[in-house]
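So this first bit is one chain, no partners, the form predicted on its own, shown in C-alpha cells.
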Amino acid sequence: MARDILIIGGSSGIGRELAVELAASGDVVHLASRHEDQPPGASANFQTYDVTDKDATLDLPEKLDGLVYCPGTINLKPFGRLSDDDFQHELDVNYLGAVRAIRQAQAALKKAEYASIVLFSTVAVQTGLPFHASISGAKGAVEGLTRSLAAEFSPGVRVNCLALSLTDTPLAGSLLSSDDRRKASADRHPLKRIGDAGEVARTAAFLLGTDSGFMTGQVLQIDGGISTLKML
C-alpha cells in the first residue's frame, strides 16, 4: 500500500534524492520547500514553505506515514566571529524549524499504523571540530529532540536521526568548489571520500520503512568513519 511521506526541504540535495527513491517505490510524496523544483521522476505534491517563518502552515493529508526534515546550514567561522544572529539562524533552520514541522504533523503521524520521523545532524556534535560552534550547537539540539520525541511518541511513531559528515550536495558546494578542496575533504575521512547524497537518501528510506521497525531514538553516523576511527 502506498504511503504518504512528507519531505521538508525536498527540492535539492538529499531530500531531492529521497523524493525520487520514494516515488519509484510507489509512495505518495509531499514536498514542502521555499523553492519549487520538482525532482525528475518524482511526481510529488508540492507546497511553498519557509521553515524560519513562525506563522507558516503545512497543508497535510489526514494521515502521514513519515516525515523527513532535511533543511540545514553550513556556516563555518571562528567562534569569535559568530554573532548572536548566526547562532539564532542555525537554531531557526536546523532545530526550531523541525520542531514546528513535527508539531503540525504530529496528529497526522499518529493516525498511521507505522509512522517514522527522520531528522539530520552532523558528525561535529559527537566529534569536536573547529569552526563548528554554531552548527554543532543547533544539531546537538536536534539529537536531543530525536531521543526525547522517540520516548514520548513511542510506540506509535519512531524517531531517528542521521549524523552526516561532508556530503556532496548543493549546500556543501562552497567546500567542494575545486579539485584540491574536494581531495582534501576526502582525505580527512578513513574511507578517503566524501558522502554521496543518494546513499544517505537510501538510508533515510530504510529508516522510514518496516525493515527498521525495531529502531527508534537512534543517531546513526554516516561519516566515512571520521567519528570513530583514527588511521595510523
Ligand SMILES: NC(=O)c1ccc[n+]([C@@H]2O[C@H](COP(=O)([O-])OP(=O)(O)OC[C@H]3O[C@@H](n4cnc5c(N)ncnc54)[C@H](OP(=O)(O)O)[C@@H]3O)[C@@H](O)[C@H]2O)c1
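Owing to the predicted nature of the structure, the values given are computational and were not obtained by experimental measurement. Don't overthink the numbering: it's just position in the shown sequence, from 1.
The same protein also exists as the form predicted together with the ligand; that form is not shown, yet it is the one meant from here on.
- Ile14 belongs to the set of residues with a heavy atom inside 4.5 Å of the ligand in the model of the complex.
- Contact between Thr73 and the ligand in the model of the complex is found at the 4.5 Å heavy atom cutoff.
- For the chain shown alone, Asp50 is a contact residue for the ligand in the model of the complex, at least one non-hydrogen atom being within 4.5 angstroms.
- With a 4.5 Å cutoff on heavy atoms, Ala172 counts as touching the ligand in the model of the complex.
- Among Arg34, Lys183, Arg202, Lys63, the residue placing a heavy atom within 4.5 Å of the ligand in the model of the complex is Arg34.
- The stretch in contact with the ligand in the model of the complex, judged by heavy atoms within 4.5 Å, is 64-72, chosen from 202-210, 22-30, 183-191, 64-72.
- Taking the partner from elsewhere, no residue among Gln104, Thr146 and Gly217 has a non-hydrogen atom within 4.5 angstroms of the ligand in the model of the complex.
- Contacts of stretch 118-154 with the ligand in the model of the complex, defined by any heavy atom lying within 4.5 Å, are made by Phe120, Ser121, Thr122, Lys139, listed in sequence order.
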